[in-house]
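Below, in structure tokens: the form predicted on its own, a single chain.
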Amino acid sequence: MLERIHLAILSAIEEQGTLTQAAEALNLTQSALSHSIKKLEGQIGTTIWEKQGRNLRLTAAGKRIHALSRRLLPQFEHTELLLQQIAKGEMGSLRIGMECHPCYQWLLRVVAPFLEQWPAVDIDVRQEFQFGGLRALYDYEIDMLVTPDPLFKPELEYFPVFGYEHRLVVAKSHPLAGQQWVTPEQLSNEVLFTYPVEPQRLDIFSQFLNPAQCTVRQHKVIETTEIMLQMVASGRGICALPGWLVQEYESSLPITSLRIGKQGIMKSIFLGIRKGDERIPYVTDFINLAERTSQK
């Protein structure tokens, strides 16, 4: 029964005082304005205003509607402004799914300047999608996927933001510490620490040990990078991590890294989005910022 136009008319009548001025303020003809109110009066069964000379006076029903308009019209206007900003890509939210455990530290270096540049855009990082990031992207549960292993699909777009070498990390006191690179057979008596990811998705297995039909003495799972490297530094085992991440800890821990195989394992980090989302300005800006941050 009540529509937004009725609230706007009552607000204009109260502010302007006359039908003519109210119609001009709303860019309506006087007849259209009067017709709208007469139709409402017929529906509610009472008058909304009364004439006093050239001016109009709101009745009790009119004042009640006007009181409602004072609360709701500003909310309408504010929401419309927000929707316009969303449509223009000036505000919104960016939900990022992580398929790269050690990339969290790198991501923080991108998020901080991004939030400064886009104060109206919120960021949420979801690591629970480590095992189903692609599905989450398809289902609109996330807006961007950080992954070292992109699965290229027609509906998705991937942007490489930086390349790196995956390296074997050992304690400085480890017998392998002095070597430039390691062979698969040399790891057969080692304890290998990894993140909680299926072995077939771990590069040290899929690209190094499995093709050589080799394995390690024991495979242990550790969730956090810091604890993993502390265990390696204490001589409890070895691990494989991105070279850039190892460099961040080499100055504070007695660890070193060597190439995995003579050729090494070269990787890239990709940001994956749904096709078309690159037209959203803050999404494009995040990708550009990620590329610039990675070059520093």
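So that the term is clear: the rigid core is the largest set of C-alpha atoms that superpose within 1.5 Å between two forms. Quick caveat, the model's predicted, so the values are computed rather than measured. Residue numbers run from 1 along the displayed sequence.
Keep in mind that the form predicted together with the DNA is missing from the display, and what follows is about it.
Asks: Among 50-58, 256-264, 63-71, 224-232, which stretch sits within 4.5 Å of the DNA in the predicted bound form, heavy atoms only?
Replies: Looking at the partner contacts, the answer comes out as 50-58.
Asks: So in the predicted bound form, are 204, 215 and 219 all sitting within 4.5 Å of the DNA, heavy atoms only?
Replies: No: none of 204, 215 and 219 comes within 4.5 Å of the DNA in the predicted bound form.
Asks: Given that the partner is absent here, does residue 268 sit within 4.5 Å of the DNA in the predicted bound form, heavy atoms only?
Replies: Taking the distances in the predicted bound form, the answer for residue 268 is no, it never comes within 4.5 Å of the DNA.
Asks: Taking 4.5 angstroms as the cut-off for heavy atoms, does residue 252 touch the DNA in the predicted bound form?
Replies: Because no heavy atom of residue 252 falls inside 4.5 Å of the DNA in the predicted bound form, the answer is no.
Asks: Can residue 280 be called a contact residue for the DNA in the predicted bound form at 4.5 Å between heavy atoms?
Replies: Residue 280 lies outside the contact set for the DNA.
Asks: Do residue 18 and the DNA share at least one heavy atom pair within 4.5 Å in the predicted bound form?
Replies: Result yes; residue 18 sits at the interface with the DNA in the predicted bound form.
Asks: For 13-44: residues with a non-hydrogen atom within 4.5 angstroms of the DNA in the predicted bound form?
Replies: Residues within 4.5 Å: 18, 19, 20, 27, 28, 29, 30, 31, 32, 34, 35, 36, 38, 39.
Asks: Could you tell me whether the Cα atom of residue 283 shifts by at least 2 Å between the shown form and the other one after core superposition?
Replies: After core superposition, the C-alpha of residue 283 moves less than 2 Å between the shown form and the other one.
Asks: Could you tell me whether the Cα atom of residue 247 shifts by at least 2 Å between the shown form and the other one after core superposition?
Replies: Not so; residue 247 is displaced by less than 2 Å.
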